[in-house]
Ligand SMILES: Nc1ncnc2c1ncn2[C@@H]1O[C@H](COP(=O)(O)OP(=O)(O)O)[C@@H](O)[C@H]1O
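Starting off, we have a lone chain in the form predicted on its own, written out as structure tokens.
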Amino acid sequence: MVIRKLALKNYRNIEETEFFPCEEVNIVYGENAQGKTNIIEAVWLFTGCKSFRGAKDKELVRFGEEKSELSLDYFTAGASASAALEITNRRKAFSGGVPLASPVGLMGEFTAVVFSPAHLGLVKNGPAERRKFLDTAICQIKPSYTAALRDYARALEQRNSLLKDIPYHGELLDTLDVWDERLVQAGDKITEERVKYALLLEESAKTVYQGLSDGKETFDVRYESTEDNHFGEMLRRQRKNDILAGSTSVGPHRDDIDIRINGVSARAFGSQGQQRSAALALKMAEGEIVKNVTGEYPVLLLDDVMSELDASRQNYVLNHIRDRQVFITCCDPDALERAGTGKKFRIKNGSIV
């Protein structure tokens, strides 16, 4: 997967710019608030996912403008391809000039892995962040997974609404079985895919983490499910408690991945350095899994994270990003001379100069 050209118009603080990266390491540098992360974010949107910064679509449009226009020319599977996005209060996506029903249609067409300072909290923050990591990663290698996520979210919303109403309208209790069935159908698919992905993740992440720790520490990843392989039975067993609480207590929306270093919880007992290494191992493993499944590396997006890593971790990352296209944002490009061959792009006031 290689980007040939990125063109942006009225995106964030960028009025209009074109970007022609090389096939290796591309360093985007400049002072703070000049638009470095906006470049990374724009590339990420072509995966079909929402902004990794949590921004709403309307927040991506340059102030005072009606819409943003983004286009991407790239090379994949031995052929040239293109995609485009138009953003107003929502995103419209195009692949090869053909309108798509939803930006989700881009999933699997263009793949990327992004690692930002926010991802350093992947280990130490709550389970919601780890579930989002799993779901986003799975969607890139299995776009059909998004349908299960969508169906589950709808069924969960309806079930929780019923749980809140049943104490006041007892006749609604009989309708709970319908939503339980729909929740189980989608939930079982989600759990199955997450468990399979967690196994792949552990295999790849173990190798990365051993490199980061110089072989001195062990690393394990295990998917933790609240269902116990009998989701429907668990829902029935918890029904009274769920009605009292007004929410669903078991299911994929409550699951987590247990990350262990030297056999103990990285979240509870890991040092800051260990937690950062674990997060980095997970994200680098994500790229390896995409490569193993699709046959080519995804584009690697490193947004201002090198300064968060010590010299040894920086060296490990830079020595393991060969044979793929990489974008690195930073304030000082000289600090990344160890990346070897590549191109540098200075950004100022939203323009490549």
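Owing to the predicted nature of the structure, the values given are computational and were not obtained by experimental measurement. Quick note: we count residues from 1 along the sequence shown, nothing fancier.
Unshown form predicted together with the ligand; subsequent notes refer to it.
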Region of this chain that lies against the ligand in the predicted bound form, out of 26-34, 307-315, 320-328, 283-291 [heavy atom, 4.5 Å]: 26-34
4.5 Å heavy atom contact, Glu59 and the ligand in the predicted bound form: yes
Contact test in the predicted bound form: Arg53 vs the ligand, heavy atoms, 4.5 Å: yes
Proximity of Arg12 to the ligand in the predicted bound form, heavy atoms at 4.5 Å: yes
